Structures are given as C-alpha cells and as structure tokens.
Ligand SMILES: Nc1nc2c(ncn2[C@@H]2O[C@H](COP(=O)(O)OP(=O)(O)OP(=O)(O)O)[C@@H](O)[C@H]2O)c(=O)[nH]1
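Take a look at this one chain, the form predicted alone, written out in structure tokens.
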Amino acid sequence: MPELSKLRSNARDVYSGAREFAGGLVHPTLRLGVTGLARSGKTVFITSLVRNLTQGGRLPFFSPLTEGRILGAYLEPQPDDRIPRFDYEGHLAALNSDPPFWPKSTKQISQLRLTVDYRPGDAWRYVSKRRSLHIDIVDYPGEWLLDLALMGKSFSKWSEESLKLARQQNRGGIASNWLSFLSEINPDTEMEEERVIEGAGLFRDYLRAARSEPHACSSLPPGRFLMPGDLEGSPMLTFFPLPPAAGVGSEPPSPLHKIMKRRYNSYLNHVVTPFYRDHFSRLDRQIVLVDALGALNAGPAALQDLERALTSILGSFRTGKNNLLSSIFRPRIDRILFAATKADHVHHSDHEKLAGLLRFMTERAIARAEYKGADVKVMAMAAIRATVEGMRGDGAAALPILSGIPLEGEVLGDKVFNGSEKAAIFPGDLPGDPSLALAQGRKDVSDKATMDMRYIRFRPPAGEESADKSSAVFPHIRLDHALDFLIGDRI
C-alpha cells in the first residue's frame, strides 16, 4: 500500500508539473516561496517587496529597474482559489497607521500574484517589445517546513528524538509539566480521551514555551501544534511522544501507543504530505528569513537550536538546476536566499558579521544544495528600515548609534521603553568570529557584562515623505539586492 500511494503521488506531481509547464510557455510564471520561523519578518518582507515594486521605490541594485526596463508592476487575482490571499492591504494599513505597528505574523499558507511588465534585454529586444512575468508569492510558516523532516520517520523515532530534546531544553522547567504527566500515566491501560487531550495540551504548552522568549528554540516539530489553522481541535493534533516503556517495540503495542501512532501517521498523511505535494514541491525560488539577532539575545542554546532548524529546513528542499525534463516532471528550487533580517538593528559595519554568522550556521546545508547545482546566497537585510544611524561623541571616542522608537516593553539596563519615545542606542559589536558568536550569545539579560549582546526591537517608521500616503514607500536595507538575486535573471 505505501508503494501504491507513492506511485499515485508521483503521478499527481507529473500531471501538475506538465500542466504548469505548458501554462508557463504562454504566461511565464515564477513561484517564489517565502518562509522563516516565527518573528523573522515574512509578512513585512512581502509587503515591502510589493510596495516598492508597484510604487516605484528606490531599488538601485535591482538591475532590470536601473536599466529602465521595468514598465510597471501590479497585483492580479491569484491563480489558486484554494489558498487564502495574502492580506497585503491589511498589512500595509498597519504599517501606515498612526502610530504605525508591525503586522501580525504568518499563521497559515497564503498567496499573492504580482505581475511585472518589462522590456526584454538586448538578446530579445528585436523579438518582443513588451513581456510580462507573473510572480506567485507563496507565504508559509517555517514551522510547517520543519514538519517535512518527519516524512519517513516512524512514531517511535520521533518520540525518541522529541523526548531527548525536551530533557535537554528543560531549562527553567519549561517541559516539567509535560514530563511529569508522562511519568504519571500508565500507557498499558485504556486512557480516557480527556486525559489524552490533557497530555497533548501540556505537550503544546511546552512547545509554545520553548519557542517564546527567552528560550527561542526553533527545531521543534510538529509545527501545526502552534499554528493549527482550520485543524484546531482535530484528533490529528491530539497526540504526543511516548517513551519506549509505553510500548514502543513491544508485542503487542500498548493501547495508548496504538492511538498515538495512528494519529501521528494521520498527521503525516493528511497534513505534512499534502503540504509538500501541493505547495512546497512546486516552488522555483525560495527565500528563508532568519532572526539571528533574536537567537543571539536568547543565548548559545537558542543559536545552536536555530542552526539545527536551518539544516533541517534546507535538507527538505528539492534543489538543483532545472532542465526541460525536471521542469515538467520534478521542478526544483534553483535559487535560495538566506537573509538575516533586522539588519537595521545593528550598525552597518556589523552587517557582514551578521551575514557571516548565518553563513556559518548553514554552511553544511548550503554545500549540499550547491553540490546539486542550486545557487545559494546569504545576506543581511531589512525589508523595512526602522532606525537611522548616527555617531555620538568625537574622534576616536565616537560611538555608532541607532535612532528609532523601541517597541513597548523593550528593556535596556534599567530602562523600560513605552513604545512612543525616540531613543538613541549603541547596539554593541557582533564578534568577528561567527563561532564565537555561536558560543557566546547573551547569558543573562540582567548581567551588565553581557549587555553588548542585547538587541532592541524597534517600531516601524512612518512611510517615506509623500503628499499622498497611499503611494508612500518604506526605506529598506538590501531589498534590491534580494530582488535582483531572486527574480532579476527572469526579467
């Protein structure tokens, strides 16, 4: 049966790929995946990208624009009626509010079609005076992407790995309630559904606590436990790992183990596999946004966990150069951009260090993708720049500072910001050696000796000066570089 199911899935992939390839000959389309773990800036990236392209933002390193070949960019109805539309207008309204605020994070998959009209380059100028490229932007939570590592993994193997991580990450007792529940139950007897729901809830609470500050752990599937969407309350999200003593490997398995294994397999078959088949496997380009500064704030364990998560994410990509056959039968992601976000939260002299840290954390996974023929790039960027750089002091004693409005509740030393007052902050220096940054992090927010590793989050800026706010664009850092790498060669 598993072989038959795989054959059916492959047949669907071939049919879908052939249909999209034929359509692409008439209406060229590029499917751009945008992902990242919680608070990495996916929503802001898409909103700023669309805003700058449709309203003529300053993009000096986006070569088709600087060459004067972009004739216009505009939104069109998305091609897939089954996927929610990315709420571009709502997110833009949040950024243009008075005062402005960051839009809500990605909770489910969404899509937006952006069409760019352009004049071809020199090689095609005599063939066509005007062409169009559809860019289908697919936004999805990175937590869902972590689930792809579960494909082909048994319930017992997942249980073993999850329990090991929980015991390692039980700093401050974040997993103590769930681990206590496991130690008290008798899995060899029937368990009331209420107790099963209780155990799944405690497991979910642990995942939520591990993901939140100050722990900021990243590599903890199942991702839908924290972002269930329309699966809220489903039995497919009502399971949890069990230790070997709960019947793993025994004959016959314990009653509880049978239930947990069945629900785990249902999760794989009805949630993870369809996501991979219907959305992820059809992407042409991918950008992975990473909040490395947030992990630095949380300390070495969070950075190391982020490194594991990024390795897992890139390991799930179907990468390589596309040719005629692969475009029809098994499309591949041929360009991947890893972007360390919130580059505006450090001085520009530290941008390369920030990119170097991300490159260091992903170097093994990047090497695998490049070996298969994919182009991979790493950069530091800010899709919307929330700070302005300056200097305080004179001569050799001068310090670089960032001016902006810190978010409400942000703490620096004894200062708690109220979300409305402007502040000038020395952001500190990132270590030049990425391995040192990975090992150091920030051990304790109250430890003044390590305060140079504390990065403050800022409120979004007002739109750039414009008589009409409806056409205002936002300042950025290297958004144009990102666009040139991701789509420039297709225009």
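All residue numbers refer to positions in the sequence shown, first residue = 1. Everything quoted here is computed from the prediction, not taken from an experiment.
Omitted from view is the form predicted together with the named molecule, to which the following refers.
- May I ask you to choose, among A383, I333, A339, L242, the residue with a heavy atom within 4.5 Å of the named molecule in the predicted bound form? It is A383.
- Pick from H345, R224, K353, R263: which has a non-hydrogen atom within 4.5 Å of the named molecule in the predicted bound form? Of the listed residues, the single hit is H345.
- Only one of 418 to 426, 62 to 70, 31 to 39, 49 to 57 gets a heavy atom within 4.5 Å of the named molecule in the predicted bound form; which is it? In short, 31 to 39.
- Though only this chain appears here, would S105 touch the named molecule in the predicted bound form if you measure heavy atom gaps against 4.5 Å? Within the cut-off, so yes.
- Query: So, in the predicted bound form, is L430 in contact with the named molecule at a 4.5 angstroms heavy atom limit?
  - Reply: No, L430 is distant from the partner.
- Indicate whether G299 is a 4.5 Å heavy atom neighbour of the named molecule in the predicted bound form. Residue-level check for G299: no, no contact with the named molecule.
- Query: Do P141 and the named molecule share at least one heavy atom pair within 4.5 Å in the predicted bound form?
  - Reply: Yes.
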